[in-house]
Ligand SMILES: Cc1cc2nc3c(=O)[nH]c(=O)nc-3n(C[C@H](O)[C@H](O)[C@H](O)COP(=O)(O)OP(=O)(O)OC[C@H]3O[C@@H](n4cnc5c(N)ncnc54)[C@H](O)[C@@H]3O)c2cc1C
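Only one chain comes next, encoded as structure tokens, the form predicted on its own.
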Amino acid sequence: MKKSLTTIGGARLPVISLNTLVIGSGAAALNAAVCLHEQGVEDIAIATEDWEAGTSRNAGSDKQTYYKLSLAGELPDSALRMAVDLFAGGSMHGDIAYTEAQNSARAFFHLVELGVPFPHNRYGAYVGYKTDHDSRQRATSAGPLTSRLMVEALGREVKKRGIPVLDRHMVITLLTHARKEARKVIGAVAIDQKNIREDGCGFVLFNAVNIVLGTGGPAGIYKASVYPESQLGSHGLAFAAGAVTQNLTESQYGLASLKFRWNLSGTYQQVIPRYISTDARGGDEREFLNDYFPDMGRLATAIFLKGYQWPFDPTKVEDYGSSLIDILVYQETVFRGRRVFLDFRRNPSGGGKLKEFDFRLLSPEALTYLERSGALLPTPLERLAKMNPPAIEVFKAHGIDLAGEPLEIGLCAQHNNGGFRGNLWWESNIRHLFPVGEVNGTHGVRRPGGSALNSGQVGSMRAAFYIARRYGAKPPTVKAFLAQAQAEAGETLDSARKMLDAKCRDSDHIARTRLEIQERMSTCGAAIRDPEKVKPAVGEAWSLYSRLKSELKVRSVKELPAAFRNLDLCLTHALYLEAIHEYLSRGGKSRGSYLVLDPAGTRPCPELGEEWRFSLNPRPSFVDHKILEVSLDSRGRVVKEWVDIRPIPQEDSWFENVWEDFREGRIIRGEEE
């Protein structure tokens, strides 16, 4: 990494030249940096807006799952079987599924060797359990903070290897260069938030051969969110560069706590807490689920099943399924303006048509699980303390005592299964740009719980392998870099300067704009989607983006990062709504983790009103047999294309042939080859 200075628009700006810039400090980004260094690519650096921020470091659940090839027990498994399960989720390319499965054990043991404490027995068997959409007990966990333990282990390795970390650097622009039809990334512009000055607005230029983008999901576009508050996303900069996305319609939603954002999956539900709602002030307490379930057995079993059927799923709504609970929580909080809580101090109570809670009323599946866990105890809290004590400690560490107060919850955005398209080496359609982790849209409609962590580790490892063997050259000279990048960098600097207005008195504009974006997306593009609201929402989103580009003002350079973030989020939510509208216009109905309202459909249960009618996609369905790709062209116009789903490859694995291909370097091919 070499540092120099240049002058653009009269401002002296630092230029950092290096082979690979890794943007982000989550598990996927850090793994990319470590794997690059292991592969011998040492001219690298990590740029992160905040080393302590992000989903990997600050998110979890009752026992956060890591999904990998089954490595213990009698149940047979193979990479092909795992690929079939990943592919079965729908709208996922088969070759990507096979790659994620084939490399899962390697990525997993890489973490083990770095010190992540995944449990094994005395024989060294890394035992597993069954997670959602999983057929082989492939799931494992290091506890509620699995991803935090991963970033801590990877962070230690980054420090040990002396990889430079540029903290408080917010990347706002990807610099690209086009030659004929091929576009490649050549660098980036960031704001050094520790050194923001009037002349250069804190700008830093990166002259890079490659960029690994590991900035996580688009959390900042949602109001109801279980993403950590520090996680916002930066999809807009890749959209602006022309990167192609896929499956933006597919996100995952579930019940989560609000005071401290945390997934309420697994044991939190399997102990069968009491669901209550109150008015805005905390009065008028009601066990609202009782009005909709026909008996205590089905109510208590649905709560139990919400544990490993945690993501909202429209196929698990009818016949009083577990996802009916999500709808009822949404109705109480959004439609009726009430507050909903989980109370771990008491069992669900009966009254009226419902009997009092009794273990004997549970389904055999639920009763056997609690019995084998030694958890047939008097209260949900006692059962939680028996089955998973760390799940209680997580909340206690954030000032919430489950023994002393109920836990306020909502139906929240949790993970984006879509994102930017990548090939088998996680390279974007923009050459030399590698989106890894949640920002990469490898997942389809449904995915096994924990597969996102596997995907992030496999993808970043693959990207590093490819860069080391194909893109390991030195960066161009600063002069050559500026010949291609100066105009675009200058435009970004001009945009920043136009935002500065010392006379601006509207100090709340950024916060109001952020709230408008989040409310629009949570209302129209989250778990409950009304086609009548989506179309006007698209126009409103673009109108806001147009106004922001021309009218956004801030009083000082210190406010520029927040202003650029709003531009990024506004563009992002406009493209997400475009994708949702395109899906609905093609006849798309409920699937994955969202329910599409349909007057011609059926009600989730007889006790719910007509406004809740919905339909699932019929079979065969156009939207289920294609993948929707969305991008911006060079003129800023939205491009939408439905592409065929690639099947799982059937390759000749004859050893002598593979060995020859490996020796000759033929296994490493880019998308254009």
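Position 1 is the first residue in the sequence shown; the rest follow in order. All of these numbers come straight from a predicted model, not from anything done at the bench.
Keep in mind that the form predicted in complex with this ligand is not shown, yet the notes after this line are about it.
Checklist entry - Out of Asp50, Glu607, Glu42, Asp624, which one falls within 4.5 Å of this ligand in the predicted bound form, going by heavy atoms? => result Of the candidates Asp50, Glu607, Glu42, Asp624, Asp50 is the one lying within 4.5 Å of this ligand in the predicted bound form.
Item to check | this ligand in the predicted bound form reached by all of Ala29, Thr215 and Leu237, non-hydrogen atom within 4.5 Å | outcome: Affirmative, all three are within 4.5 Å.
Checklist entry - Hey, in the predicted bound form, does Met170 get a heavy atom within 4.5 angstroms of this ligand? => result Yes, contact at 4.5 Å.
Next on the checklist: With a cut-off of 4.5 Å between heavy atoms, is Ser451 one of the residues that contacts this ligand in the predicted bound form?
Outcome noted: Answer yes; at least one heavy atom of Ser451 falls within 4.5 Å of this ligand in the predicted bound form.
Item to check | this ligand contact at Val436 in the predicted bound form, heavy atom, 4.5 Å | outcome: Residue-level check for Val436: yes, a contact with this ligand.
Checklist entry - Using 4.5 Å between non-hydrogen atoms, is Tyr227 touching this ligand in the predicted bound form? => result Contact with this ligand, yes.
Checklist entry - Picking from 610-618, 638-646, 34-42, 50-58, which part of the chain touches this ligand in the predicted bound form when contact means heavy atoms within 4.5 Å? => result Selected range: 50-58.
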